[in-house]
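We begin with a single chain expressed as structure tokens, specifically the form predicted alone.
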């Protein structure tokens, strides 16, 4: 379990905290979507979870151990995929030979399987530095998942991927998720991940606006496309869409709809109090 306790972080030279007094628990297992507007601290939170940043106050613990201690056993249990990658001037084979020993659960078979999903040749004759950003991400994500760490933190993983790459990414995550692994994906590209998620986290600098499983969201909310103005008028949130209106309604038990993350995010941003009331009900 990842436990975040009263976490505050201020970047040097800034007066306002990027994260201010946040508390949150992420039970082990499943794919978490971490959403929020620009500047609310999504990337910062990932780096605080991993121990790469030091909080001004509070702490993050992985299975009871403060991650900022950067103990070898904790580092072997976590892998961070940053938004922007700088890879060494090595071949893929050399990169794996140097880095795989740091991860006791690394699987060469898993690496080959993940590379195949992205149509990457393990025996590529050129250096990693010559790859495009999208190709670098595919290689690095394949290595990350092959390390089989209990926690994987991904920051905007689909940035730089073309349409086939995004389709491959969804297959890649779906084939890698299991009950023992926690994958946290921070992204603005919600349509790239909405079918993958087990849990949704929406944050601003101080508050967790939503912390709920996708199953719970589906029980409490309905996401509909309608041309009926009366339905839209009674919705929690509604916006024009092609051919009608996309609306979020309270679910009275008569709806079974897929989650629209864009509408859910706007509802959380515009009406956080009402959303909190809905999810506070037993």
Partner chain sequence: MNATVSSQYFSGRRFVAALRRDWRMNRDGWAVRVLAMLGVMALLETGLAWFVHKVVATDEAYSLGAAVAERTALSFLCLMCFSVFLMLGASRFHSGYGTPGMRLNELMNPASTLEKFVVRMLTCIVGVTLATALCWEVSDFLRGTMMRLWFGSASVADHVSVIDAISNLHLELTGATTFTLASLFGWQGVYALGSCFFPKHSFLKTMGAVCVVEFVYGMAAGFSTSMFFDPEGRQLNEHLSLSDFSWMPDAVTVFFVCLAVGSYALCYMRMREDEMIDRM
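Numbering follows the first chain given and starts at 1. All figures in this text were calculated on a predicted structure; none of them were measured in a lab.
As for the form predicted in complex with its partner chain, it is not shown, yet the points below apply to it.
The stretch among 234-242, 63-71, 253-261, 218-226 whose residues place heavy atoms within 4.5 Å of its partner chain in the predicted complex is 63-71. Using a 4.5 Å cutoff between non-hydrogen atoms, residue 86 counts as a contact of its partner chain in the predicted complex. Its partner chain is not drawn, but in the predicted complex it has a heavy atom within 4.5 Å of residue 99.
Interface residue remark: residue 24 is not counted as part of the site for its partner chain in the predicted complex, having no heavy atom within 4.5 Å. Among heavy atoms of residue 172, none comes within 4.5 Å of its partner chain in the predicted complex. Proximity to its partner chain in the predicted complex, defined as a heavy atom within 4.5 Å, singles out one entry of 144, 161, 208, 78, which is 78. Scanning 6-37 for heavy atoms within 4.5 Å of its partner chain in the predicted complex gives 9, 10, 11, 12 in sequence order.
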